[in-house]
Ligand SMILES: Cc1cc2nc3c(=O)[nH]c(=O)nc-3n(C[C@H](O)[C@H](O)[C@H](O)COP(=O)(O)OP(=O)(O)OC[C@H]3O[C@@H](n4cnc5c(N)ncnc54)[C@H](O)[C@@H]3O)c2cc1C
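One chain comes next, on its own, written as structure tokens: the form predicted on its own.
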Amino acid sequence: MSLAPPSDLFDVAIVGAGPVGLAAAISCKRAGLSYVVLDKGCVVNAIFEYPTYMSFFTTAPELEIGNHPMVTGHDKPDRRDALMYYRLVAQREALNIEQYTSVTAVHAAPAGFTLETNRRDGIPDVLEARRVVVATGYYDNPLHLGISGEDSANISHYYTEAHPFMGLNVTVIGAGNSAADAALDLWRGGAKVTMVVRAPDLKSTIKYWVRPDLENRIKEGSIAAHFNSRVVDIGQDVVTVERQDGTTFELPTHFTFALTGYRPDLSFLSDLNLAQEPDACLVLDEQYESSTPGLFVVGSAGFAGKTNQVFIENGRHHAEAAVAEITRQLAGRAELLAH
């Protein structure tokens, strides 16, 4: 899984080695296109960063790529199942993946695009590709609260597991799936959990088997919850919470999880001035080609305002559609050059 020499021109450069990027790579390989997959982390890095004991919302067949069956011993695959599955798919397909290589900029070029990269050894590099597929997802770019103390050591925008927090006061900010899973797991792990939620209720999108559990824990007082409230300051051992009426109070807190959502980071594409919809989603056609011809954005990366609607389940089909269009375009280009 190594990168070809910088002098090589690839048919397709795929940015992101998550499930959707891997699906694009498999489609490129089967279409006979030369390609490379670049990721600043490991293969399926976002899944690696998920909570240790997380289970997926969906069933195994909906996470499959390249017609490789996903076999698990559970109704819902968990994080470990997914890591093993996507790792084995990448190995079996012998996909051309360069891990720990970040793409810092993409520029239009005569042949298509020039990609500036930073490799694992810290040495900058450049490669060229006729087409680019962006499949970076959104999980590595949390929505920040913009409050005092957010950069301190006792706050995180990611949750892993409950063990280190037994007996501690933990505040969870948010009301979606991430916050719900974390609050319940922390409570089961012996933490004293308090949720702070801007809205008057939990989000309706919480997994159907998780929501009643959390509601019952709140009702019985096992997990405290402050609705219509927001954290306005994070101190060393307290957080300050503001109610809807403007009054404030302090919560004793040893650690805070700010699980308020994530958004795609496409700053490396700034040179291309991509057109956006009013909700910050990119303007994409039915084949997921952006306003810059030849640059395709698949999965949740292009849907900043609708990340709750794009998942592995449908993003993998984005990848297939994009590569089918790329194959058509490049075949037409080759025929034109032949004449």
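Start at 1 with the first residue shown and count on from there. Everything numeric here is computed off the predicted structure, so don't read it as measured data.
Although it is not shown, the form predicted together with the ligand is what the next lines describe.
Chemist: Looking at 227 to 235, 213 to 221, 143 to 151, 98 to 106, which stretch has residues with any non-hydrogen atom within 4.5 Å of the ligand in the predicted complex?
Modeler: Selected range: 98 to 106.
Chemist: Under a 4.5 angstroms heavy atom criterion, identify the one residue in Val310, Ile65, Leu295, Leu282 near the ligand in the predicted complex.
Modeler: Residue within 4.5 Å of the partner: Val310.
Chemist: Although the partner isn't part of this model, could you tell me whether Asn45 comes within 4.5 Å of the ligand in the predicted complex, counting any heavy atom of the residue?
Modeler: Yes - in the predicted complex, heavy atoms of Asn45 and the ligand come within 4.5 Å of each other.
Chemist: Given that the partner is absent here, does Phe165 sit within 4.5 Å of the ligand in the predicted complex, heavy atoms only?
Modeler: No, Phe165 is distant from the partner.
Chemist: Given that the ligand is not shown alongside this chain, does Thr58 nevertheless sit within 4.5 Å of it in the predicted complex, heavy atom to heavy atom?
Modeler: Output for Thr58 is yes: heavy atoms within 4.5 Å of the ligand.
Chemist: My question is simply whether Ala135 lines the interface with the ligand in the predicted complex - judged by any non-hydrogen atom within 4.5 Å.
Modeler: Although the ligand is absent here, Ala135 would touch it in the predicted complex, with heavy atoms inside 4.5 Å.
Chemist: Quick one: which residues from 72 to 92 get a non-hydrogen atom within 4.5 Å of the ligand in the predicted complex?
Modeler: Result: empty, none.
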